[in-house]
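Take a look at this single chain, the form predicted on its own, given in structure tokens.
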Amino acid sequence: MALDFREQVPLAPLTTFELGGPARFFVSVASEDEAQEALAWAADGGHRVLLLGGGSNMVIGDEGFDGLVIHLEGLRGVRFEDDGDSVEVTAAAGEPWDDLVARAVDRDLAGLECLSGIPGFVGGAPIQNIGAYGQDVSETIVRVRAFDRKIASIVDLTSEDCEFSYRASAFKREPDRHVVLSVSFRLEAGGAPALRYGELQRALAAESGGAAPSLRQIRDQVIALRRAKSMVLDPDDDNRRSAGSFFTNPIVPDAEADRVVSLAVAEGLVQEPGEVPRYPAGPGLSKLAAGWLIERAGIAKGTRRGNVGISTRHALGLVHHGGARTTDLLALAREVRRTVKDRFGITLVPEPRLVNCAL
């Protein structure tokens, strides 16, 4: 069946921000062969390519994308291969991420439970090295099957090949090279859930009275925590048009973190240094909480700038309330970044991919 290449297709409805202009050309693919055919069509015509999955981590400019958008939603399928103590799970790029997590938890497979409720498709997971509540997807990825546009061939990349780092990967650093087709995870059959994150530990302790939680309890509690912050897709939530966390938590040298802590104490933002959220992030490095920096810089949850604003539930959520343009959202993002920089000397980095637009 021939691919259906369409022109001037609106992209806003295909993103969680519901912002952005149209694609000059657009095609949906349902197999690896179709993905390669679409890429060849773009190459023959000299068109740039944008890969679109769930649209949950992307900001598209008001002018849209002057090239071919390949929608990967048709790449489906999940395979479980049991080899004893662990199970290798391979999922196609177009599988909804949270559906995969739910299936793993239902089978009592540990390794993805804290990543419950994250919107988007499986193909985006390694690109962004998604993580939440003390767990990163890179911990369980063993292989990524991708089409390497540089050599025009399908390759199997190991976890080491992916060069994972905090909310980043080789895919993100070189976005025009690989098309992720499927991802394989190594999960532990009957394994203990990951319980490393303080907020999650406290919530579960209050609920269970100290009993060891199951994977199902972890999943349910993570979704509840995310829902309370408007970090799940909910059509009834006024904060729903967002990309979750708009900025990454900054990782800085310990000396820089010490400076921020000293400033917070000196200006009365906290009483004790330990009240500033700060976490080890490797030798000589600390991770600061971007949401804390935003609020302490004076930008409150619920702040509005016309039809865009800050989520009423989480300072890291930039929200489109309807009727805005991408330029409006980016103006707010610049204001937030400038305000934090002026107050703390820390430059926040956007987490979503910016397509035909910039901060």
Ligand code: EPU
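Predicted, not measured: the structure shown is a model, and the values here were computed from it. The numbering used is simple: start at 1 and walk along the sequence shown.
The same protein also exists as the form predicted together with the ligand; that form is not shown, yet it is the one meant from here on.
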Mark residue 140 yes when one of its heavy atoms lies within 4.5 Å of a heavy atom of the ligand in the predicted complex, and no otherwise.
-> no
Though only this chain appears here, would residue 107 touch the ligand in the predicted complex if you measure heavy atom gaps against 4.5 Å?
-> no
Going by a heavy atom distance of 4.5 Å, is residue 291 a contact of the ligand in the predicted complex?
-> yes
According to a 4.5 angstroms non-hydrogen atom cut-off, is residue 243 in contact with the ligand in the predicted complex?
-> yes
Go through 44 to 52, 61 to 69, 292 to 300, 321 to 329 and give me the stretch that gets within 4.5 Å of the ligand in the predicted complex, heavy atoms only.
-> 292 to 300
Using a 4.5 Å cut on heavy atoms, which of 248, 201, 217, 184 is close to the ligand in the predicted complex?
-> 248
Consider the chain as shown here, without its partner, and state which of 103, 172, 229, 149 has a heavy atom within 4.5 Å of the ligand in the predicted complex.
-> 229
Can all three of 133, 279 and 314 be found with a heavy atom no more than 4.5 Å from the ligand in the predicted complex?
-> yes
Residues within 4.5 Å of the ligand in the predicted complex, restricted to 166 to 202 and counted by heavy atom | 166, 167, 197, 199
